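Structure 1 and structure 2, given next as structure tokens, are two forms of the same protein chain, each shown alone.
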Structure 1
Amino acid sequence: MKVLVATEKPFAAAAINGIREIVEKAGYELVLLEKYTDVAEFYAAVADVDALIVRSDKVTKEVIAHANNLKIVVRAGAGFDNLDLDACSERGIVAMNTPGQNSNAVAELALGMMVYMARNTFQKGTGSELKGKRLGIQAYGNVGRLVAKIAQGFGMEVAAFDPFVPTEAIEKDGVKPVLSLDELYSTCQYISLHIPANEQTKKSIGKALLGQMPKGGCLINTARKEVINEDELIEILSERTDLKYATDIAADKQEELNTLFGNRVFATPKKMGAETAEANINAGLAAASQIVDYLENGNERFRLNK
């Protein structure tokens, strides 16, 4: 069995060492394709491998077409919109992600961005504290739960909206479940987004919701840029000079946002939610372990496709 790690942006050395140990202990061969600049290199490398680990690299229908022996592909991370799940299913290839491995890194970043915006992006002037403010979490999954826990440590009151999570599970964490997005946005000074980008959520966050936020409201986005209606975001920020927006995924219109609204908006230079040494290692090791567990035992716990 041959396992390929194909990463335009490589894993940390410690992660690769750990992946190699897991793969070779199982009796498999590890192959690396790092810092490649042409997708043709990816096509060639994937031709004869049985398993594939990627980070944000796009596993397209074309990549799948070149993978003659591929049985499983694992995205080292939670998001998986870089995987063509239909193409994998057509070929009988199992597609997985590694949920939870990057969660703490993303959660800490979300709180860091709240502090940054509350303190006027560390510029002159009087800021505000997070203590005593109400935080609304949209989607109470792995990251959302950690955001809630850290925010409670800051002395924030936390509410959450997630129709897929039982209210008892939310209440167990000392978080108040709310029954609608309107209630979440209208009662929380801070909103932290953790929703995926799909047909139901794309451009779903716009003027109707943001316009309900209390005075001084701030939206924190460590999810996906596609969930924001950027035209409406510009419109509501123009109308409500008290609102702020911080994102880990620069908007398509980020330059316009920066010009119009200055330090009321912020975007990280490059998506960095999972960019910690710990998350990098955890996700890589989890991906390797899941591959071995599937090939040896048929474990499909984190399978994404049908």
Structure 2
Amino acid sequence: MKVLVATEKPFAAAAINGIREIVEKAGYELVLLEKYTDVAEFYAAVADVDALIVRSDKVTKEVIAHANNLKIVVRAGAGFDNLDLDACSERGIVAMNTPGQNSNAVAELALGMMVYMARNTFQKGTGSELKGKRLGIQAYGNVGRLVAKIAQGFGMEVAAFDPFVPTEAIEKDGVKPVLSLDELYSTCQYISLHIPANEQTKKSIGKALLGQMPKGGCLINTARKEVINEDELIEILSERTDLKYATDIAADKQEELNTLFGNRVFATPKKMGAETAEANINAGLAAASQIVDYLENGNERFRLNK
């Protein structure tokens, strides 16, 4: 069996060592395609492999069409909007993610970005503290829960909106469950996004919600750029000169945002949420183990497609 790791943004070396150990212990062969610049390299590399590990690399219909022997693809990470699940299903290929494995890295970054924005991106002017401020978490999943816990350590009051999580599960963490997005946005100075990008969420965060934020409101996006309505973001930042936006995934209109709003907006130079050695190791090794467990034992836990 051949396992391909195809990563435009490579894993840390320690993660590759761990992946190799798991793959070779199973008697399989590891193939590496890192920092590829042309999708044709991906097409060629995937042609004869049985399993595939990716990060945010797009596993499109075309990639699947080139994968003659592929049985399983694992997205080493949480968000799977980069996988064409239907194309996988059509070919009987199992698709999985590794939920929770890189959550702490993303949660720490979300809080780091909050501090950075609260301190005027470390530029001149008096900043503010997070203590005593209210943070609204949009989607109380693996990352959202960790953000809540760390924020409580800062002395923030935390609220969360998640229609898929029972209110008791939110309450038991000392977090206030709110029943609508309007309530979340209108009562929280900080909002941290942890929703996936899908048909329901794309462009769902715009003027109607952001316009309700209290004075000095700041939106932190470590989720996906696609969930933001960028035209409306520009509109509301122009109208409300107190609002701020920080993102881990540069907006399509990031240059315009930077020009118009200076240090009221911030984007990391590249997506950094899962860029820690720990997250690489956790997600990469989980992906390799899930592959071996599926191919050897048929374990389909974490399967995403039907």
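Residue numbering: sequential along structure 1, first residue numbered 1. Between two forms, the rigid core is defined as the largest C-alpha subset superposing within 1.5 Å. Bear in mind the structure is a predicted one, so any value in this text is a computation, not a measurement.
- The first of the two structures is the form predicted on its own.
- The Cα position of Glu34 differs by 2 Å or more between structure 1 and structure 2 after fitting on the rigid core.
- On core superposition, Pro10 has its C-alpha offset by 2.3 angstrom between structure 1 and structure 2.
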